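One chain comes next, on its own, written out as structure tokens in the form predicted on its own.
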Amino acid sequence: MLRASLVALALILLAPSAWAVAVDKPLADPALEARARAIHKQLRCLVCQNQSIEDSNADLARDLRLLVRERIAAGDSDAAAIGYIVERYGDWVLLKPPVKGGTVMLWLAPLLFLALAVLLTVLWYRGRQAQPATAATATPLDDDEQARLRKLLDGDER
């Protein structure tokens, strides 16, 4: 009983360390570290997809942060460091991809969806206005139809 209690206590005390995030070792030069962090905010985590590698806890994001720091420490410019990552992973790794032939749909899709929504709303509204009004404008029943309706209401015809 005592042994089980000690094991349970140890598990409770050690559990928070399981959620700990591995902290990257920053560059020694604060100016280079600031450049690396600015680049981290421009790159998409390939695991989390809509999160920068700066904000992601994924192992791949950590590897990309280390790679960017290595490139900056090696003397690469910001553009060269970003270009190196884009060369390996494509434009998709950028949180703001450039406008060019392969990415033009990424930029135009929101506008196209908005235009489609406006068009469908206008067509729906016009369709509602073109519909005939209620039964007040319907054609009246002829004598045969009225007689048949009376029989149905009275329960004579089945």
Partner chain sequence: MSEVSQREPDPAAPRRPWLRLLPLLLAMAIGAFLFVGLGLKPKEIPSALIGKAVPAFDLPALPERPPGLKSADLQGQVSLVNVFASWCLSCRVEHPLFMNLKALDVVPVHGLNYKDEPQAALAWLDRYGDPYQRIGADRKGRVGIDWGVYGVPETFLINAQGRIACKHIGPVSDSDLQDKLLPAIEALRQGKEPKC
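The term rigid core refers to the most C-alpha atoms you can superpose between the two forms while keeping them within 1.5 Å. This structure is a prediction, so every number in the text was calculated from the model and none was measured. Residue numbers count along the first chain shown, from 1.
Omitted here: the form predicted together with its partner chain. The next part is about that form.
At the 4.5 Å threshold, heavy atoms of residue 49 reach its partner chain in the model of the complex. Not displayed here, its partner chain is kept clear of residue 107 by more than 4.5 Å at the level of heavy atoms in the model of the complex. Within 4.5 Å of any heavy atom of its partner chain in the model of the complex lies no heavy atom of residue 53. Contact check for residue 82: no non-hydrogen atom falls within 4.5 Å of its partner chain in the model of the complex. Site annotation in the model of the complex: the residue of 94, 38, 32, 60 reaching within 4.5 Å of its partner chain with a heavy atom is 60. Residues 84, 86, 87, 88, 89, 90 of 72-90 are found to place at least one heavy atom within 4.5 Å of its partner chain in the model of the complex. Once both forms are overlaid on the rigid core, the distance between the two CA positions of residue 119 between the shown form and the other one is 2 angstroms or more.
Once you line up the core between the shown form and the other one, the Cα of residue 109 ends up 2 Å or more from where it was.
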